[in-house]
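The chain that follows stands alone, in the form predicted on its own, written as structure tokens.
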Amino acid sequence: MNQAERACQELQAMDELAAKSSLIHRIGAGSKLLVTILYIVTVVSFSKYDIFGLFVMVLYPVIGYQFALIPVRTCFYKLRVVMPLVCAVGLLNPFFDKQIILTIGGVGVSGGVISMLTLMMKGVFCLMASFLLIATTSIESICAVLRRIHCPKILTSLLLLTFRYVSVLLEEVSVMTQAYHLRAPGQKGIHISAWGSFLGQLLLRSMDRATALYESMELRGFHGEFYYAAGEKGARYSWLYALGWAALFALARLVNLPALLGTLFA
């Protein structure tokens, strides 16, 4: 199995995750999108030194994955390429901010270390929340919500078709790679002399497939609108879900919950 086939399988696995039935899956896409945006805004708004207050925000993705019946390790596995890049953003902070602002067990911790850890946590939490949205909501439902809030039709169509055309492109890459290796057995990769013709054929084949796919969508009545998503399941509980999480996010942002809990149990 080549890399293109593995990528296709991962895309199909995402569609299978979004098609599952759980408490979170039955929540309306609009509420889940709103909660995700509010969560990301709240996480980003924390001070770079407020690591203890930020740690409380891990509850949303962890609880969400439990109710969605999706293991947390699935998120880290799917995002295994992006996670290290996000965590590497703040690695230089300890070299620029060396002022000691915290002492743990007699060991001083600089502001750079705290800000580095805070930045890493923000990136990881935001990725976990975004993956939770994608893993419990189909791309069609997300685009339908964007259209209902008057997002331009061209943007929603571009988002939907890009997501769908990626799998078409990967399928063509897989077929052409297999055909090339059958003609050049034992050769690792594709020789540099064949790159030009390979990419040209890939472009032509994927354009033909994409055109056929879009024409079939038009024949079925697709013109950039999503009328079928007007009545979502779980609509009665969706806004209660959104309001509940919004209130908890506001509480976590305005009140230092770790300090409050420490005072209560001291």
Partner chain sequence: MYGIRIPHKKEGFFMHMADALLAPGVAATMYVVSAAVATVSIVKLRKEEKLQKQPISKRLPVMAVMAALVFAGQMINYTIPGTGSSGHLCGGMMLSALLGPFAGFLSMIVVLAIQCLFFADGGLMALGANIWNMAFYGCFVGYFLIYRPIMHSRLGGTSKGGARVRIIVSSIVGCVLTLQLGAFSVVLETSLSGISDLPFGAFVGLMQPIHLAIGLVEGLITGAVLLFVYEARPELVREANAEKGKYSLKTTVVILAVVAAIIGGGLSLLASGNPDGLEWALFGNEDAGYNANMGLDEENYGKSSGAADAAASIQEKTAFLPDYAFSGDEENPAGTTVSGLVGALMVAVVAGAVCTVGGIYRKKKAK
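Residue numbers count along the first chain shown, from 1. The term rigid core refers to the most C-alpha atoms you can superpose between the two forms while keeping them within 1.5 Å. On a predicted model such as this, the values are computed, not experimentally measured, just so you know.
Keep in mind that the form predicted in complex with the partner chain is not shown, yet the notes after this line are about it.
*Is residue 136 close enough to touch the partner chain in the predicted complex, meaning at least one heavy atom pair within 4.5 Å?*
Contact check for residue 136: no, nothing within 4.5 Å of the partner chain in the predicted complex.
*May I ask you to state whether residue 126 is within 4.5 Å of the partner chain in the predicted complex, using heavy atom distances?*
Residue 126: contacts the partner chain in the predicted complex.
*Though only this chain appears here, would residue 141 touch the partner chain in the predicted complex if you measure heavy atom gaps against 4.5 Å?*
It does not: once the partner chain is placed as it appears in the predicted complex, residue 141 has no heavy atom within 4.5 Å of it.
*Is residue 182 one of the residues lying within 4.5 Å of the partner chain in the predicted complex, judged by heavy atom distances?*
Flag for residue 182 set to no.
*Taking only heavy atoms into account, state which residues of 241 to 256 are within 4.5 Å of the partner chain in the predicted complex, ordered by sequence.*
The stretch touches the partner through 253, 254, 256.
*Quick one: once the rigid core is lined up, does residue 88 have its C-alpha move by 2 Å or more between this form and the one not shown?*
Comparing the forms between this form and the one not shown, which are aligned on their rigid core, residue 88 does shift its C-alpha by 2 Å or more.
*asked:* After core superposition, I'd like to know whether residue 192 moves between this form and the one not shown (criterion: C-alpha shift of 2 angstroms or more).
replied: The answer is yes; the displacement is at least 2 Å.
_Flag for residue 103, CA shift 2 Å or larger between this form and the one not shown after aligning core_ = Shift of 2 Å or more: no.
*Did residue 136 and residue 210 drift closer or farther in the predicted complex, going by a CA distance change of 3 angstroms or more?*
Residues separate in the predicted complex, at least 3 Å farther apart.
*So the Cα-Cα distance between residue 79 and residue 118 shifts by 3 Å or more in the predicted complex; is it shorter or longer than what we see here?*
Note: Cα gap between residue 79 and residue 118 shrinks in the predicted complex.
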